[in-house]
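Just the one chain here, the form predicted on its own, laid out as C-alpha coordinates.
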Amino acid sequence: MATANKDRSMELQKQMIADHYKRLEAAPETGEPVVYTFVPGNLTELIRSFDALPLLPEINALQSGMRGKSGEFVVAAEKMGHSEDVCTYVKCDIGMAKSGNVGPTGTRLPKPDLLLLSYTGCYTFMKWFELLREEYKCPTVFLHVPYQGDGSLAPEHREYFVKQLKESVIPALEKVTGRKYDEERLRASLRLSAKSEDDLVAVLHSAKKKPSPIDAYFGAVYYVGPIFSAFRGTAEGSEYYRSLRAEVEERAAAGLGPVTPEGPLDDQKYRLVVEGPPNWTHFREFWKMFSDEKAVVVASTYTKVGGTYDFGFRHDPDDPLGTLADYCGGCYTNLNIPSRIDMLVKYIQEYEADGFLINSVKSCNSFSAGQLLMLREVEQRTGCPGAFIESDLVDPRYFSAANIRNRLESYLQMIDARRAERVR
(Lines give C-alpha, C1' and ligand atoms only; values in the text may rest on other atoms or scores of the structure.)
Protein backbone atom coordinates (compact mmCIF):
# COMPACT_ATOMS: atom_id res chain seq x y z
CA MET A 1 0.00 0.00 0.00
CA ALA A 2 1.24 3.48 -0.89
CA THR A 3 2.17 5.86 1.90
CA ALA A 4 -0.72 8.10 2.89
CA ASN A 5 -0.39 11.82 2.31
CA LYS A 6 -0.51 13.89 5.51
CA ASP A 7 -0.39 17.60 6.23
CA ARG A 8 2.01 19.13 8.77
CA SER A 9 -0.47 19.12 11.63
CA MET A 10 -1.24 15.41 11.18
CA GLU A 11 2.44 14.55 11.46
CA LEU A 12 2.86 16.83 14.47
CA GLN A 13 -0.04 15.37 16.45
CA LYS A 14 1.16 11.84 15.64
CA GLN A 15 4.53 12.68 17.17
CA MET A 16 2.87 14.31 20.20
CA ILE A 17 0.85 11.17 20.88
CA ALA A 18 3.90 8.92 20.42
CA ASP A 19 5.91 11.03 22.88
CA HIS A 20 3.07 10.89 25.39
CA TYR A 21 2.94 7.10 25.20
CA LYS A 22 6.72 6.96 25.78
CA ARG A 23 6.25 9.12 28.86
CA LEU A 24 3.48 6.82 30.07
CA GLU A 25 5.70 3.78 29.59
CA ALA A 26 8.39 5.40 31.71
CA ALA A 27 5.97 6.43 34.48
CA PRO A 28 6.76 3.48 36.79
CA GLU A 29 10.42 4.58 36.76
CA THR A 30 9.87 8.37 36.84
CA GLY A 31 7.21 8.15 39.51
CA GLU A 32 4.66 10.19 37.56
CA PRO A 33 1.14 9.14 38.66
CA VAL A 34 -1.16 7.88 35.91
CA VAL A 35 -4.89 8.60 35.81
CA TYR A 36 -7.13 6.63 33.46
CA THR A 37 -10.15 8.65 32.30
CA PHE A 38 -12.46 9.09 29.29
CA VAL A 39 -12.66 11.59 26.43
CA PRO A 40 -16.14 13.10 27.00
CA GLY A 41 -15.94 15.26 30.10
CA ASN A 42 -12.27 14.65 30.76
CA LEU A 43 -10.61 16.81 33.42
CA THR A 44 -7.21 17.03 31.77
CA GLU A 45 -6.33 20.44 33.21
CA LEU A 46 -7.16 19.32 36.73
CA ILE A 47 -5.30 16.02 36.34
CA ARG A 48 -2.16 17.68 35.02
CA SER A 49 -2.26 20.37 37.72
CA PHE A 50 -1.37 17.49 40.07
CA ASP A 51 1.57 16.47 37.81
CA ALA A 52 -0.31 13.32 36.83
CA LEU A 53 -0.49 11.87 33.32
CA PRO A 54 -3.88 11.17 31.71
CA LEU A 55 -4.38 7.93 29.80
CA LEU A 56 -7.62 7.51 27.83
CA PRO A 57 -8.82 3.99 26.99
CA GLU A 58 -10.84 5.12 23.94
CA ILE A 59 -7.68 6.61 22.45
CA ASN A 60 -5.89 3.30 23.00
CA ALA A 61 -8.69 1.49 21.19
CA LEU A 62 -9.06 3.79 18.21
CA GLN A 63 -5.30 4.03 17.72
CA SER A 64 -5.14 0.24 17.84
CA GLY A 65 -7.89 0.13 15.23
CA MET A 66 -6.05 2.50 12.90
CA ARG A 67 -2.90 0.39 13.25
CA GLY A 68 -4.68 -2.89 12.48
CA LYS A 69 -4.28 -4.30 16.00
CA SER A 70 -7.80 -4.07 17.42
CA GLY A 71 -9.29 -7.16 15.76
CA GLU A 72 -7.17 -9.61 17.74
CA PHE A 73 -7.91 -7.78 21.01
CA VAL A 74 -11.66 -7.84 20.36
CA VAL A 75 -11.57 -11.57 19.66
CA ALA A 76 -9.48 -12.17 22.80
CA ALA A 77 -12.09 -10.37 24.92
CA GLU A 78 -14.91 -12.37 23.36
CA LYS A 79 -13.09 -15.60 24.19
CA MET A 80 -13.10 -14.41 27.80
CA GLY A 81 -16.90 -14.19 27.65
CA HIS A 82 -17.64 -10.65 26.54
CA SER A 83 -20.67 -10.49 24.25
CA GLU A 84 -20.56 -9.57 20.57
CA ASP A 85 -22.92 -6.70 21.42
CA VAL A 86 -20.55 -5.07 23.92
CA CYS A 87 -18.89 -1.82 22.81
CA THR A 88 -15.82 -2.79 20.81
CA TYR A 89 -13.78 -0.03 22.46
CA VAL A 90 -14.28 -1.95 25.72
CA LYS A 91 -13.39 -5.31 24.22
CA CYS A 92 -10.32 -3.87 22.49
CA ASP A 93 -9.12 -2.32 25.75
CA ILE A 94 -9.76 -5.44 27.83
CA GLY A 95 -8.19 -7.67 25.19
CA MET A 96 -5.13 -5.42 25.07
CA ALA A 97 -4.79 -5.47 28.87
CA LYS A 98 -4.99 -9.25 28.93
CA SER A 99 -2.45 -9.52 26.09
CA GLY A 100 0.37 -7.73 27.88
CA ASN A 101 -1.03 -4.18 27.91
CA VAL A 102 1.17 -3.05 25.05
CA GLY A 103 -0.33 0.14 23.64
CA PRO A 104 -0.94 1.03 20.00
CA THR A 105 2.47 2.65 19.54
CA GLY A 106 4.26 -0.45 20.85
CA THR A 107 4.96 0.89 24.34
CA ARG A 108 3.88 -0.98 27.45
CA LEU A 109 1.19 0.94 29.31
CA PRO A 110 1.42 1.43 33.08
CA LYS A 111 -1.20 0.40 35.58
CA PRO A 112 -3.42 3.28 36.72
CA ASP A 113 -2.90 4.95 40.06
CA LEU A 114 -6.48 6.21 39.81
CA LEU A 115 -9.52 5.51 37.64
CA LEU A 116 -11.40 8.78 37.16
CA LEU A 117 -14.81 8.07 35.67
CA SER A 118 -16.60 11.11 34.25
CA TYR A 119 -20.08 9.83 33.47
CA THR A 120 -21.29 11.87 30.49
CA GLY A 121 -24.26 10.07 29.03
CA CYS A 122 -22.59 6.73 28.25
CA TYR A 123 -23.62 3.93 30.61
CA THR A 124 -20.93 1.69 29.10
CA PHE A 125 -18.27 3.83 30.77
CA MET A 126 -19.45 2.69 34.19
CA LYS A 127 -19.22 -1.01 33.35
CA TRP A 128 -15.90 -0.45 31.58
CA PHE A 129 -14.28 0.99 34.68
CA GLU A 130 -15.77 -1.73 36.85
CA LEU A 131 -13.86 -4.20 34.70
CA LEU A 132 -10.66 -2.13 34.91
CA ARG A 133 -11.02 -1.83 38.67
CA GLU A 134 -11.20 -5.62 38.91
CA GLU A 135 -8.14 -5.89 36.67
CA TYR A 136 -5.91 -3.33 38.39
CA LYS A 137 -7.24 -3.27 41.99
CA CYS A 138 -6.75 0.51 42.15
CA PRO A 139 -8.75 3.43 43.59
CA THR A 140 -11.74 4.64 41.56
CA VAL A 141 -13.54 7.97 41.78
CA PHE A 142 -16.90 8.53 40.09
CA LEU A 143 -17.82 11.99 38.80
CA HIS A 144 -21.51 12.00 37.96
CA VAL A 145 -22.37 14.56 35.28
CA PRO A 146 -26.11 15.39 35.21
CA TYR A 147 -27.67 14.63 31.83
CA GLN A 148 -29.04 17.51 29.79
CA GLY A 149 -32.52 16.01 29.56
CA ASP A 150 -34.13 19.43 29.12
CA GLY A 151 -31.40 20.78 26.87
CA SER A 152 -29.37 22.66 29.48
CA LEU A 153 -27.76 22.35 32.89
CA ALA A 154 -29.76 23.85 35.74
CA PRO A 155 -27.93 25.86 38.46
CA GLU A 156 -28.43 23.03 40.96
CA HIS A 157 -26.82 20.60 38.50
CA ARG A 158 -23.78 22.85 38.31
CA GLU A 159 -23.59 23.12 42.11
CA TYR A 160 -23.85 19.33 42.43
CA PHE A 161 -20.98 18.90 39.99
CA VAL A 162 -18.69 21.39 41.79
CA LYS A 163 -19.53 19.75 45.12
CA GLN A 164 -18.32 16.41 43.75
CA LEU A 165 -15.08 17.99 42.55
CA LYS A 166 -14.40 19.49 45.96
CA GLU A 167 -15.44 16.52 48.08
CA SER A 168 -14.52 13.50 45.91
CA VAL A 169 -12.33 14.14 42.88
CA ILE A 170 -9.79 16.61 44.24
CA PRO A 171 -9.23 14.63 47.49
CA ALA A 172 -8.73 11.46 45.42
CA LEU A 173 -6.13 13.20 43.24
CA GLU A 174 -4.40 14.62 46.30
CA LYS A 175 -4.19 11.17 47.84
CA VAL A 176 -2.73 9.31 44.86
CA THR A 177 -0.30 12.10 43.84
CA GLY A 178 0.76 13.35 47.26
CA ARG A 179 0.18 16.93 46.09
CA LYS A 180 -2.23 19.59 47.31
CA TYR A 181 -4.77 21.21 45.00
CA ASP A 182 -3.26 24.35 43.41
CA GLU A 183 -6.01 26.55 42.01
CA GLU A 184 -3.64 29.10 40.48
CA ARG A 185 -1.93 26.36 38.53
CA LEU A 186 -5.31 25.15 37.30
CA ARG A 187 -6.22 28.69 36.24
CA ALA A 188 -3.02 28.97 34.20
CA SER A 189 -3.84 25.71 32.45
CA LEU A 190 -7.39 26.86 31.69
CA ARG A 191 -6.05 30.01 30.04
CA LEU A 192 -4.07 27.86 27.65
CA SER A 193 -7.17 25.74 27.03
CA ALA A 194 -9.25 28.76 26.08
CA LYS A 195 -6.60 29.93 23.60
CA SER A 196 -6.43 26.46 22.01
CA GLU A 197 -10.23 26.39 21.80
CA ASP A 198 -10.26 29.74 19.99
CA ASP A 199 -7.77 28.42 17.45
CA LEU A 200 -9.64 25.13 16.96
CA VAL A 201 -12.95 26.92 16.36
CA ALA A 202 -11.29 29.15 13.75
CA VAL A 203 -10.13 25.97 12.01
CA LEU A 204 -13.60 24.37 12.15
CA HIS A 205 -15.31 27.54 10.90
CA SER A 206 -12.96 27.66 7.92
CA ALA A 207 -15.09 24.88 6.39
CA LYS A 208 -17.71 27.54 5.61
CA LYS A 209 -15.42 28.65 2.79
CA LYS A 210 -15.68 27.24 -0.73
CA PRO A 211 -13.64 25.20 -1.28
CA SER A 212 -13.33 24.08 2.30
CA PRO A 213 -9.66 24.00 3.38
CA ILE A 214 -10.40 21.15 5.81
CA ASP A 215 -12.33 17.93 6.01
CA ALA A 216 -14.30 18.37 9.23
CA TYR A 217 -14.76 14.64 9.86
CA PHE A 218 -11.86 12.57 8.60
CA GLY A 219 -9.28 15.34 8.78
CA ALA A 220 -10.70 16.84 11.95
CA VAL A 221 -10.23 13.67 13.99
CA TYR A 222 -6.52 14.49 13.77
CA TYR A 223 -7.17 18.12 14.68
CA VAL A 224 -9.19 17.34 17.81
CA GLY A 225 -6.86 14.56 19.00
CA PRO A 226 -4.64 16.73 21.23
CA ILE A 227 -7.47 18.78 22.74
CA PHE A 228 -9.63 15.73 23.41
CA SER A 229 -6.87 13.75 25.07
CA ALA A 230 -3.75 14.64 27.02
CA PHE A 231 -2.78 18.09 25.75
CA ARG A 232 -5.58 20.52 26.53
CA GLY A 233 -4.24 23.17 28.87
CA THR A 234 -0.59 22.51 28.06
CA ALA A 235 2.00 24.70 26.37
CA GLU A 236 2.63 22.11 23.66
CA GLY A 237 -1.11 21.80 23.02
CA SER A 238 -1.42 25.57 22.70
CA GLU A 239 1.48 25.67 20.24
CA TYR A 240 -0.08 22.85 18.21
CA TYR A 241 -3.33 24.75 17.74
CA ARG A 242 -1.53 27.98 16.90
CA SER A 243 0.40 26.08 14.22
CA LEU A 244 -2.71 24.26 12.97
CA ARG A 245 -4.66 27.50 12.58
CA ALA A 246 -1.82 29.10 10.63
CA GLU A 247 -1.59 26.05 8.37
CA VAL A 248 -5.32 26.02 7.61
CA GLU A 249 -5.50 29.78 7.09
CA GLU A 250 -2.63 29.46 4.62
CA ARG A 251 -4.57 26.82 2.65
CA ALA A 252 -7.75 28.87 2.76
CA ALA A 253 -6.00 31.99 1.47
CA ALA A 254 -4.64 29.97 -1.45
CA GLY A 255 -8.08 28.53 -2.25
CA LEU A 256 -6.92 24.98 -1.53
CA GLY A 257 -8.82 22.04 -0.11
CA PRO A 258 -7.72 19.58 2.57
CA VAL A 259 -4.95 17.04 2.26
CA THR A 260 -6.44 13.53 2.09
CA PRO A 261 -4.50 10.23 2.24
CA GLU A 262 -4.69 10.09 -1.56
CA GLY A 263 -3.71 13.72 -2.13
CA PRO A 264 -5.29 17.21 -2.09
CA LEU A 265 -9.06 17.61 -2.48
CA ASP A 266 -9.26 21.01 -4.14
CA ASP A 267 -12.04 20.14 -6.59
CA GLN A 268 -15.06 19.63 -4.31
CA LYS A 269 -18.38 18.50 -5.75
CA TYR A 270 -20.36 17.72 -2.57
CA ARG A 271 -20.47 19.37 0.85
CA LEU A 272 -21.69 16.97 3.55
CA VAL A 273 -22.45 16.94 7.28
CA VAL A 274 -21.79 13.65 9.11
CA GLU A 275 -23.29 12.27 12.33
CA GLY A 276 -21.64 9.44 14.27
CA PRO A 277 -18.08 8.19 14.88
CA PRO A 278 -15.90 6.99 12.00
CA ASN A 279 -14.78 3.44 11.47
CA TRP A 280 -11.17 3.20 12.64
CA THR A 281 -10.09 -0.18 11.28
CA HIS A 282 -10.58 0.94 7.66
CA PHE A 283 -10.19 4.67 8.22
CA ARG A 284 -8.14 5.42 5.13
CA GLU A 285 -10.38 3.32 2.87
CA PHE A 286 -13.48 4.96 4.37
CA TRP A 287 -12.07 8.45 3.74
CA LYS A 288 -11.06 7.51 0.20
CA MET A 289 -14.66 6.61 -0.66
CA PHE A 290 -15.57 10.23 -0.02
CA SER A 291 -12.55 11.85 -1.64
CA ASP A 292 -12.94 9.67 -4.75
CA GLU A 293 -16.41 11.19 -5.17
CA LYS A 294 -15.04 14.71 -4.51
CA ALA A 295 -17.13 14.87 -1.33
CA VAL A 296 -15.82 16.94 1.57
CA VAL A 297 -17.30 16.90 5.06
CA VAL A 298 -17.80 20.48 6.26
CA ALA A 299 -19.13 19.70 9.76
CA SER A 300 -19.55 16.65 11.99
CA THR A 301 -20.97 15.82 15.39
CA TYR A 302 -18.30 13.29 16.34
CA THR A 303 -15.68 16.02 16.56
CA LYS A 304 -17.75 17.55 19.39
CA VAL A 305 -17.66 14.45 21.60
CA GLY A 306 -14.88 16.07 23.62
CA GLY A 307 -16.36 19.59 23.66
CA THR A 308 -18.83 21.80 21.80
CA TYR A 309 -16.45 24.70 21.41
CA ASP A 310 -17.93 25.93 18.13
CA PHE A 311 -21.17 26.71 19.99
CA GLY A 312 -19.41 29.22 22.20
CA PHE A 313 -18.01 27.31 25.17
CA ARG A 314 -14.57 28.29 26.43
CA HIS A 315 -12.87 27.23 29.64
CA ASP A 316 -12.99 30.19 32.05
CA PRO A 317 -9.95 30.58 34.33
CA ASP A 318 -11.91 33.01 36.54
CA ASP A 319 -14.28 30.20 37.57
CA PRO A 320 -12.04 27.11 37.47
CA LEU A 321 -14.33 24.47 38.99
CA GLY A 322 -17.55 25.92 37.60
CA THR A 323 -16.15 25.97 34.09
CA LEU A 324 -15.23 22.29 34.38
CA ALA A 325 -18.89 21.62 35.20
CA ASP A 326 -20.03 23.56 32.14
CA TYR A 327 -17.55 21.74 29.95
CA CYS A 328 -18.53 18.24 31.07
CA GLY A 329 -22.23 18.96 30.86
CA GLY A 330 -21.95 20.24 27.30
CA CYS A 331 -20.15 17.30 25.69
CA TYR A 332 -22.01 15.78 22.76
CA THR A 333 -22.78 12.47 24.48
CA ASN A 334 -24.47 14.42 27.28
CA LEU A 335 -26.90 16.22 24.95
CA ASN A 336 -30.46 15.02 24.40
CA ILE A 337 -31.74 14.06 20.95
CA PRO A 338 -33.52 17.39 20.25
CA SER A 339 -30.25 19.21 20.95
CA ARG A 340 -28.39 16.88 18.60
CA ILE A 341 -30.99 17.48 15.89
CA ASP A 342 -30.65 21.25 16.37
CA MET A 343 -26.89 20.89 15.96
CA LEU A 344 -27.22 19.01 12.66
CA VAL A 345 -29.77 21.51 11.32
CA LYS A 346 -27.52 24.42 12.23
CA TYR A 347 -24.54 22.79 10.53
CA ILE A 348 -26.44 22.07 7.32
CA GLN A 349 -27.70 25.63 7.10
CA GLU A 350 -24.58 27.53 8.18
CA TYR A 351 -22.14 25.42 6.17
CA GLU A 352 -24.41 25.28 3.10
CA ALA A 353 -24.28 21.49 2.96
CA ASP A 354 -25.73 19.49 0.08
CA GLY A 355 -26.68 16.62 2.37
CA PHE A 356 -26.01 14.82 5.63
CA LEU A 357 -24.99 11.26 6.36
CA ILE A 358 -25.29 9.10 9.46
CA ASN A 359 -22.70 6.41 10.19
CA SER A 360 -24.52 4.20 12.64
CA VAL A 361 -22.02 2.28 14.75
CA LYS A 362 -23.17 -1.21 15.71
CA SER A 363 -21.73 -1.31 19.22
CA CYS A 364 -22.07 2.36 20.28
CA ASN A 365 -25.46 3.00 21.83
CA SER A 366 -24.49 6.51 22.92
CA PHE A 367 -24.42 7.57 19.29
CA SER A 368 -26.69 5.15 17.45
CA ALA A 369 -29.77 5.35 19.70
CA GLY A 370 -32.32 7.62 18.05
CA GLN A 371 -30.42 8.15 14.82
CA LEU A 372 -33.30 7.15 12.53
CA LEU A 373 -35.51 9.67 14.30
CA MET A 374 -32.78 12.26 13.86
CA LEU A 375 -32.57 11.43 10.15
CA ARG A 376 -36.29 12.03 9.61
CA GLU A 377 -36.41 15.21 11.68
CA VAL A 378 -33.39 16.80 10.01
CA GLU A 379 -34.74 15.99 6.56
CA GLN A 380 -38.08 17.52 7.45
CA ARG A 381 -36.62 20.72 8.92
CA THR A 382 -33.99 21.37 6.25
CA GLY A 383 -35.37 19.75 3.10
CA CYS A 384 -31.89 18.28 2.79
CA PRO A 385 -31.65 14.56 1.89
CA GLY A 386 -30.07 12.22 4.41
CA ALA A 387 -28.31 8.87 4.10
CA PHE A 388 -27.70 6.01 6.53
CA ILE A 389 -24.71 3.68 6.55
CA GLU A 390 -23.53 1.17 9.14
CA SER A 391 -20.13 0.04 10.43
CA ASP A 392 -18.38 -0.30 13.78
CA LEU A 393 -15.67 1.38 15.82
CA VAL A 394 -12.73 -1.02 15.99
CA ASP A 395 -14.11 -4.42 14.98
CA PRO A 396 -12.97 -5.09 11.39
CA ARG A 397 -15.63 -7.78 10.98
CA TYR A 398 -18.35 -5.13 10.75
CA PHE A 399 -16.97 -3.05 7.92
CA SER A 400 -18.44 -3.88 4.51
CA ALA A 401 -16.65 -1.71 1.98
CA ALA A 402 -18.87 -2.72 -0.94
CA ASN A 403 -22.07 -2.01 1.00
CA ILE A 404 -20.91 1.38 2.22
CA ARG A 405 -19.56 2.39 -1.17
CA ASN A 406 -22.81 1.43 -2.90
CA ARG A 407 -24.90 3.41 -0.42
CA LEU A 408 -22.65 6.44 -0.67
CA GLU A 409 -22.62 6.41 -4.47
CA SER A 410 -26.41 5.99 -4.61
CA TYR A 411 -26.86 8.84 -2.16
CA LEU A 412 -24.64 11.22 -4.11
CA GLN A 413 -26.52 10.31 -7.29
CA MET A 414 -29.72 11.33 -5.52
CA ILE A 415 -28.15 14.70 -4.68
CA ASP A 416 -27.24 15.08 -8.38
CA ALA A 417 -30.82 14.29 -9.40
CA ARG A 418 -32.20 16.92 -7.01
CA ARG A 419 -29.75 19.48 -8.36
CA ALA A 420 -30.89 18.71 -11.91
CA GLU A 421 -34.53 19.17 -10.89
CA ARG A 422 -33.80 22.60 -9.42
CA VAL A 423 -32.05 23.67 -12.64
CA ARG A 424 -35.13 22.68 -14.68
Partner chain sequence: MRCVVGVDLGSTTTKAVILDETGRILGRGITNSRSNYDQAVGVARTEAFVAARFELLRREFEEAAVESELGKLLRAFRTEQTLHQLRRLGEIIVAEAAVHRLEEAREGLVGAVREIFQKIGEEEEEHFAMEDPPKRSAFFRDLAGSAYTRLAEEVSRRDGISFEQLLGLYDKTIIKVENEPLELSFMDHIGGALERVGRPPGIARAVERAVQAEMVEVSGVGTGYGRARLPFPKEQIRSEILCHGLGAHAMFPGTRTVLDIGGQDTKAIQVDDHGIVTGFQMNDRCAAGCGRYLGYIADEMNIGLHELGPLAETSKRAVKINSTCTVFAGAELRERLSLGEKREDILRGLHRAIILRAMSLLARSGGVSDEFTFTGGVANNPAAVRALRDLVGENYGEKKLNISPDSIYTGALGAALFAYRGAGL
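Residue numbers count along the first chain shown, from 1. Remember, it's a predicted structure, so these values are computed and weren't measured experimentally.
The same protein also exists as the form predicted in complex with its partner chain; that form is not shown, yet it is the one meant from here on.
Within 4.5 Å, heavy atoms only, which of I59, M66, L375, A27 is in contact with its partner chain in the predicted bound form? Checked against the cut-off, the match is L375.
Only one of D319, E293, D326, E239 has a non-hydrogen atom within 4.5 angstroms of its partner chain in the predicted bound form; which is it? It is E293 that has a heavy atom within 4.5 Å of the partner.
Is the gap between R407 and its partner chain in the predicted bound form 4.5 Å or less for some heavy atom pair? Yes - in the predicted bound form, heavy atoms of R407 and its partner chain come within 4.5 Å of each other.
Hey, in the predicted bound form, does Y21 get a heavy atom within 4.5 angstroms of its partner chain? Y21: no, not in contact with its partner chain in the predicted bound form.
Is there a heavy atom of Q413 lying 4.5 Å or less from a heavy atom of its partner chain in the predicted bound form? Heavy-atom contact with its partner chain at 4.5 Å: present for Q413.
Residue-level question: is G386 within 4.5 Å of its partner chain in the predicted bound form, judged on heavy atoms? Close contact exists here: in the predicted bound form, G386 approaches its partner chain to within 4.5 Å, heavy atoms only.
If contact means any heavy atom within 4.5 Å, which of 66-74, 33-41, 388-396, 46-54 contacts its partner chain in the predicted bound form? Of the stretches listed, the one contacting the partner is 388-396.
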